[in-house]
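Below sits a lone chain in structure tokens, taken as the form predicted on its own.
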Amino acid sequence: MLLVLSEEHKEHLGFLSEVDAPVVGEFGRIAVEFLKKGSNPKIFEGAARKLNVSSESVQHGVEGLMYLLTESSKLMISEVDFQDSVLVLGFSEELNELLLQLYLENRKEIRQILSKLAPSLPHYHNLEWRLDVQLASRALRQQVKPTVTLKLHLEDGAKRRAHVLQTDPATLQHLIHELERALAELKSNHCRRILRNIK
């Protein structure tokens, strides 16, 4: 599986071809540190002074490298696929080899970091439902009052919980409509980019 990089990421990674191999290695170390502890603007400024470039260029280079390593680690792409993915960047053979080494040395650690960052939320296990219709009461002899009762079973690790919900069909119809809209939104390019970065 090849990693597809946007033009923006290619542009950010292009900065790596302008610096020496040891600097790229240091950027790789910084990228992994940032995954663990979060970014630190002072590091960008210090590296920018040493390299005589803007701190924004350094930041983009490190973030581009961090994206390359996290996406590759997340998908667990093979060495050959990683090399083919990086080939489109037009780097020298030495830089491509250095990026491959960075990936191979850090992919397990990056996967561990990403797994800790993933939220642990209860998820769907089962749903039971019942439709009740009240046709008459002492006060009102002819009426139609439908009620939908849902029993939602959620699983959180080894624990299972059940939630009982009751609603009328109109509210349920509105809820279904909103969920369908959310699913459609989830398929949009913008959401896919965000989800890729979250995972």
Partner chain sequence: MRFRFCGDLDCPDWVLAEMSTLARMSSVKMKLLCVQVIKDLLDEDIDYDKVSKLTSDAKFESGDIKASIAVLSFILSSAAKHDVDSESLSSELQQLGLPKEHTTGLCKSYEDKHGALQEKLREISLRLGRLEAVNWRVDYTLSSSELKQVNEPTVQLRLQAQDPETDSTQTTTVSITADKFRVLLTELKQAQTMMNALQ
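What you are looking at is a predicted structure, and each value in this text was computed from that prediction instead of being measured. For clarity, a rigid core is taken as the largest C-alpha set superposing within 1.5 Å between two forms. Residue numbers count along the first chain shown, from 1.
A second form of this protein, the form predicted in complex with the partner chain, is not displayed here; the remarks below concern that form.
Next on the checklist: Considering non-hydrogen atoms and a 4.5 Å limit, does the partner chain approach residue 151 in the predicted bound form?
Outcome noted: Yes, residue 151 sits close enough to the partner chain in the predicted bound form that at least one of its heavy atoms falls within 4.5 Å.
Checklist entry - Is residue 130 one of the residues lying within 4.5 Å of the partner chain in the predicted bound form, judged by heavy atom distances? => result Yes, residue 130 is a contact residue.
Checklist entry - Is there any non-hydrogen atom of residue 141 lying within 4.5 Å of the partner chain in the predicted bound form? => result Yes, contact at 4.5 Å.
Item to check | residue 162 within 4.5 Å of the partner chain in the predicted bound form, heavy atoms | outcome: Contact check for residue 162: yes, within 4.5 Å of the partner chain in the predicted bound form.
Item to check | Listed range touching the partner chain, judged in the predicted bound form by heavy atoms within 4.5 Å, from 122 to 130, 91 to 99, 77 to 85, 105 to 113 | outcome: Going by heavy atoms within 4.5 Å, the stretch is 122 to 130.
Next on the checklist: Would residue 152 count as moving between the shown form and the other one, using a Cα shift of 2 angstroms or more after superposing the core as the test?
Outcome noted: Yes.
Checklist entry - Does residue 56 count as moved between the shown form and the other one, where moved means a C-alpha shift of 2 angstroms or more after fitting the rigid core? => result No, shifts by less than 2 Å.
Checklist entry - With both forms fit on the core, has residue 127 moved 2 Å or more by CA between the shown form and the other one? => result Result for residue 127: yes, a 2 Å-plus shift.
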